[in-house]
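In the form predicted on its own, a lone chain appears below as structure tokens.
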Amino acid sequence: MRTGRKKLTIPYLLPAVSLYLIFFVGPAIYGLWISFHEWSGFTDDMKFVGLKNYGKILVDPIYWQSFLNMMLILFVGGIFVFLIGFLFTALMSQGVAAKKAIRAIIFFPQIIAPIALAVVWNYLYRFDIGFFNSILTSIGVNPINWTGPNNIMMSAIISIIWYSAGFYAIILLAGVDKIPNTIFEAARVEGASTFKIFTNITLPLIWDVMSIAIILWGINAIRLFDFLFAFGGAEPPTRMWNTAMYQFILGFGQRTPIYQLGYSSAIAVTMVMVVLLFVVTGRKLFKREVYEL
């Protein structure tokens, strides 16, 4: 019986596995191979340099600045994204009216292209006629240069939090939906507060969903590129580059081509290592007993 199932399963899995190997695993291995070379991407010969590109990373100040920005998005942005997500989860689990409408509203930024969102937020941050400075001016406060060298990364993180929070709130709310309402009703009858219901009932019962959401956030935050690149304008300033932006710019440049494909691939490999470290650490930290309903 099992042999028959295997014979039936393999033909169904083979196309998907083949596509995954060809379009994901194959390019990943090739990218690792390129990272050991000095190559522009347009010549037949690649100069093997061993670990030279990785040694260059250790003394590259721009790389470490971009790495710091990546960590700011990952951890500072992640803290606020999930604080907002938990707030929505706590409120929605209390039987708020028009739950579907609220979900649609908080999910709305996810249906808009990140490039369009970046353009809109850049306009809102404008020093002269931007929305935020208009409010500050109306209450007698001096306008702020939101996209200046000292503030642009903070402004970008605020924007990222705004458009990301709804997506992860929806994931957490999907976990709440599987909890029977009778549990919440029994807790309210016993006089439990909203905070106790969330910490003692909701949070333990959505722990597995929360762990997946946090790991998903980590992967997306580390590889974030399109929104930041568009937010920085035609020439994104170095101070706001994250590792994904730096890797792309080294490989292809901005207005001026660079074509350092070998060094760019080495940086991409470090990003993969950070993702793997985050995922493995996250799975270890969030590993606990799963409650069955």
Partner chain sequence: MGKKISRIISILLAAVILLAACSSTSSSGKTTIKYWSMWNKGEPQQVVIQKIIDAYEDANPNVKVDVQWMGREVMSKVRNAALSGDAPDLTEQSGAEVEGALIKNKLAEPLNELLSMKIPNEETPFQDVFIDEVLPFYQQGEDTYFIPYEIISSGFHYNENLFKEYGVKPPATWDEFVEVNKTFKSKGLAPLAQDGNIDFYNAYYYYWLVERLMGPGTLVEAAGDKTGETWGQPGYLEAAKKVQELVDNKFFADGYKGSQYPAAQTAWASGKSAMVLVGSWLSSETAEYSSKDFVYKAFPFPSIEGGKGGKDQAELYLIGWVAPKGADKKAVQDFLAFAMQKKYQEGIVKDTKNISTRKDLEAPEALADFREIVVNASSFHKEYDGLQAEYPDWWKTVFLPLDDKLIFGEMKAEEFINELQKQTKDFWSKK
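Numbering follows the first chain given and starts at 1. This structure is a prediction, so every number in the text was calculated from the model and none was measured.
Beyond the structure shown, there is the form predicted together with the partner chain, which is absent from this document and is the topic of what follows.
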| query | finding |
| --- | --- |
| Joint contact, F184, N200 and G282 to the partner chain in the model of the complex, by non-hydrogen atom at 4.5 Å | no |
| Candidate stretches 158-166, 176-184, 121-129, 74-82, one within 4.5 Å of the partner chain in the model of the complex by heavy atom | 121-129 |
| Close approach of N150 to the partner chain in the model of the complex, 4.5 Å, heavy atom | yes |
| L68: touches the partner chain in the model of the complex, heavy atom cutoff 4.5 angstroms | no |
| 4.5 Å heavy atom contact, V59 and the partner chain in the model of the complex | yes |
| Residue contact check: S211 to the partner chain in the model of the complex, 4.5 Å heavy atom | no |
| The partner chain in the model of the complex - contacting residues of 184-198, heavy atom within 4.5 Å | none |
